[in-house]
Every structure is written in C-alpha cells, then in structure tokens.
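Laid out below as structure tokens are two forms of one and the same protein chain, each shown alone and named structure 1 and structure 2.
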Structure 1
Amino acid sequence: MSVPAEPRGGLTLEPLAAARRRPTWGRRLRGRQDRHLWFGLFVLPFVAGMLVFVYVPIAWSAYLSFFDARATVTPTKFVGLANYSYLLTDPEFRSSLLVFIAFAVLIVPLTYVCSLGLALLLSGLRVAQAFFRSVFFIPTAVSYVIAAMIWRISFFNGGRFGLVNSLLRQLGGSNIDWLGGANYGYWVALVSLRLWLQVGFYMILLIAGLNRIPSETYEAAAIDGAAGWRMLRYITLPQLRATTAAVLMLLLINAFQAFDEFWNLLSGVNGTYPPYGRPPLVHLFVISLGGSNQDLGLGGAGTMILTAIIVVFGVAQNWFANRGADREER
C-alpha cells in the first residue's frame, strides 16, 4: 500500500484549508450574515442627525462664546471670557438660575412620585391595563406650545369663564388672575401643565423597571410578612434604583430646558414676566435673539454655563446613587 506523497516544502493541506476558511478583514467588519453592516446602516441616520443637530451646534456655540458675535455667525473680534464674566455677574441671569432651581425642586419630585404611583397602580391592574396605559401616555404626544395655549386660554385665563375659576366659584370662591403675576398662582399652571405632559412617559419607563423585578422576590417577601410600605421600601425601590436614576436625570435635564410653557404662558406686554417667571433659556433667548442685537456670543456663553451645570448635577446624582448602592451592599 502506497503512502501519499507529502506536499512540497513540508506543508500539509490542513493549514491551507483553514486559511481559506478564515474570514477576511472585510468579512469580520461586516460580521456574521452582514449583521454589523446592517446595524451601521440603521444607526447611521440617527448618528448623522445627532452630529448635525446636537454636537455641531454645541461646538459652534462654544466657539462663538469667546467672540463678540452680534448678528453674525462668523465673528472676528475675540473677547475671551468676557461673555462668561458678564453673564455670571448679571443679576437677571442669576435670577433666572433661581427660577430653574425653584422649578426643578417642584417638578422633579412631583413628576417622579406621580409616575411611580401610576406605574404601581397599573402594574397591579387586572383588566384594561393597555387601555389605561394609553390614556396616560397620549398627552406626551401633545406639543408643549399647543398645551400651553390651552392652559392659558381655557383653564387659567383669569376670566369668569375659565375652567379653574368656574370650579372655584362653584366651591364658593372668587376669580383669581392666575397668570397676572400679582400672586404666585402661575406656578400652579406651570407645574400642572408639565405634569400632564410628561407623567405618562416616565410612568412607562417605571413600568418597564417594575416588570424586571422577579415575582419570586415579592413572594419571598410576602412569606416573611412584608406588605404595603415595607414592600415598597425594601423591595420595590431598591430594585428600581437604576431606572430611578435614569428618570431623575431626564427630569432634571427637561426642567433645565423649560422654555415653551414659560414663554407661552407668562410672556406679557413688551416681553415682561412675573417675578420668578423667566428661566435661563427664556432669558438667553431674549438677550441673544430678541430685538436687533442678536448677541450670539452671550447666547453661546450661556449655553456652555447651562451645559456645565447639567454635567455637575449629573455627576453628583450618579455619585449619590452609587454611594447608596454601596451602602446597601455592605
């Protein structure tokens, strides 16, 4: 019986076949069944939109903030940190930051508590769960401008035919000029409008977090005698920590971006606003785009200041969340 001759150079056929089967660099980049390629094609429009409409404007605002850019996007006069110094020493801008703090202190915990309460109620609902989820989620699709105009014209217009004043008269009260600024009733309109618009969205996020909690955890806690507040305190809230951190961060950023409700509800004659009714974005919009000045340098500096504040709050929140998690693990 003859033995097959060994290939020249002492090479065997197995390494050659393995080399032919080894995927090329292009195939590795595309992935199995071109999964990486299709993923890139689907993600590309989103990434392009983020670059064009988010990151490029932020970078350009940072560039403009160091120039005297009045009614132009191609400035030539470099002023360094003068725009930042002007804003940080401007009493109106610092007052607008206090408006944000007051608004955030009101809206962030209220929205979280209402969203969590609805999420817990709907999670335990046996019938028509999808219907009630849709009912509470639909307001998130409404434009902030349209909702603000409805609140201003129909609900809190201060006239005798406004819905809120009509209810007050039915209860024996009198008409209130909600948006006039003589009192702080406009905060009721602002907070109620924001709650109606966004509670449903965060309710869905918290429901998703509740669905990730294993039912066995609740069963074991019930066997140990936990119920009601103890179940919420020791089981539900710790398991929702990651979702809660994300929800609170989104709420804080959205509070900082408050513009439409303040602009459409409270703007009076000649752009006047009631006390504590002009948040940072409204103030920056007025000084950067209002009138003939259009000081884009100040607007860019204000944008960078707000971005820095949001980053500081985000880092602090993550630090507190991680610290709480470490304490519970210990």
Structure 2
Amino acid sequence: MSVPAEPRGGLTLEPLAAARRRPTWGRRLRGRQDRHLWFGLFVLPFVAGMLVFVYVPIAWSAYLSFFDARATVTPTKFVGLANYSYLLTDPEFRSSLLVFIAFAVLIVPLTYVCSLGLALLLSGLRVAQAFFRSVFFIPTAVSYVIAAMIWRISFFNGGRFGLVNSLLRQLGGSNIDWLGGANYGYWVALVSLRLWLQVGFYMILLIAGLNRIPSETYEAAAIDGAAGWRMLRYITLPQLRATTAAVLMLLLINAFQAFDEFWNLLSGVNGTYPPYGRPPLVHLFVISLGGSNQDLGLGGAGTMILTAIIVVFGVAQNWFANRGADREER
C-alpha cells in the first residue's frame, strides 16, 4: 500500500532508515513526478460536473421526495413516504408504466426485425450498397420535433386531410381520427415515426455485427447444404447473439425515455396534454412541472422510482452480457 515512491539511499535494508525517509503526505498526494496531481487536473472538470449536475441533484431530489415540496426547493413539511405511496397507487402513474410496456412491446421487436431485415438486404450487395445504407441511416439526423410535425400534419392527420386518410378513401375506406384518442390509431403514428427515425441506427450496428461473422463459417455451412432461411436460423442469428442482446437492451432503455414524439404528436394547443398516451416521462413532467404549481416532492419521488427501474434494466443487461460472454468462452 505505502510503497515509497522516492528512490532510497544505501541503507534501505534497515527498517528505521526507511521509516525516516518515508515521503511526506503532500509528496505522496502528488505522487511520483506529480502523477496524482496531473490525474486530478484531468478528471476534475468531469467529476465536478457529474457531482453538481447529476449526483447532488439526485440526492436533493431524493430529499425532496419525502416532503410536501410544492413550488419550493427548501420544503419544511415532512410527509414521509406519502409521495411514493400516492404515485404507486395512482392509476395514472400506473397507466403511464403500462404505456411504456405497450410501447416497448411494439417498438423493440419491430425495430429489431426491420433493422436486421435492412442489414441482411444490404449485405453482400455489389452495386449501390453505400447509397441505400445512407438513405436508411439519414433519418437518424432528424429531430423528433420535425418528424412529429410531418406525421401529425401530413401523414396521420385526424381531419379530412393527410396522406393516409387520403389513401384510405381512395381504397374505399373512411377517414380515421388517428391522434384524437378515440381509438388506438395514435399507436400507429408513434411506432411508425420512431421506426423511421431509429431503424437506420440499429441497421448500422447489425451490419457491423454481421461483418464480424467470419466468412469461413458461411462457407462451411454452405458446403453442408445450408442456404436461405436455414442459414439465417442456424448460422447468422446464433452468431449475432451478442449484438442482438446489446441492440434489444438499447432499444428498451431508449423506449423508457420516450418523451419528444409523444409530446409533439399528441399535445394540444399551448402545452396541454391529453389524458391518453402518457409514457412515464411525460406523466412525470405533467404532474410535477407542467402545471402552474410545481410539485417537486412528487417529481422527486417519481424520479426515484423511474431511476430504480432503469438501474434494474442496467443490472439485467450486465448480467446477460456477462452470461453471454461466459457462454462464448466455453
């Protein structure tokens, strides 16, 4: 532990001399050639920023969550677990968790299948591969606000205009009120929007995964007569297992944070939000910061609950990743 860093004199074998020459605290703190000093200098901005803008706020929020903190950050009325018990028994908060689950159940498998489909369609193409890859990847650069604008006004407009209703009428159907909440049409808009925006990102990840599969594996399987579906089922998918696990977990964590497209597709005039289609972050925003009266105690409790959920995801991901790595080593 306390190996002296200084080069010692000739009497090093004698314990007393060594003790006398032990470097001072200041010297040890700075380290050999001031190594520790440099280390501190390099990490200081990041560590200080993380403390001030991540950890202190979370601790403060945890503190606020035990108080009646309406429109104040220095509350006095201790309420114990009342904010937590309110949220956990609140049907609206629970339904926001259900909205997340429904969204995840739709978007996670759909994005994976579509991204993999695109990656496989592109793999091995000689002509125009880079062009198609760019076309599918380019929506990643567009913001959810702008995508929601197109979806809401020109594609899935609830009124008589909009591309989808126009097509429906040509096919003999009638207009559908897509976003009004009278039906589940808004899910079509939400899911198709996010698919368009993020499929290219995961396609790139899966292309990288496909490129890591050694070509000898395919050649050996082809000699054994594997092709098409069987090749995919028995060679490609098993070899992609690590990439798949990472992609699915990223998709799940991103679905948990959904806010922008829900807000911009469904919110009404001047920042009002309808009672349906509220994922956790939207619900937390509405009950804690959205109104004229800020309820930071409730917001703090909600943040703690959502953070706990996402940490569970993270731990599960690490567990799966380690398990997968163990398996591959065997």
Partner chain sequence: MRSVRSRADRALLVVRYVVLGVLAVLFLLPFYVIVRNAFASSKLIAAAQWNWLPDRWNFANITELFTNSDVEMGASLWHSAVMAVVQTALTVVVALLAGYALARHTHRVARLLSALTIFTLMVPAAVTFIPTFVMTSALGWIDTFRGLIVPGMFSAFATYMFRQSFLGFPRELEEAALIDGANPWRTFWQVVVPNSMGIVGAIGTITFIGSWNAFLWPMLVTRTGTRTVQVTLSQFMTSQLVNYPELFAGALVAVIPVLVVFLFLQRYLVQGVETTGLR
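In this text, rigid core is short for the largest set of C-alphas that superpose within 1.5 Å between two forms. Model, not experiment: these values are computed from the prediction. Each residue is numbered by where it sits in the sequence of structure 1, with counting from 1.
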| property | result |
| --- | --- |
| Of structures 1 and 2, the form predicted in complex with the partner chain | 2 |
| Post core alignment: residue 281 C-alpha displaced by 2 Å or more between structures 1 and 2 | no |
| Core-aligned CA displacement of residue 72 at least 2 Å between structures 1 and 2 | yes |
| Per-residue Cα shift, residue 45, between structures 1 and 2 [Å; core superposed] | 8.5 |
| Rigid-core-fitted C-alpha displacement of residue 315 between structures 1 and 2 (angstrom) | 3.8 |
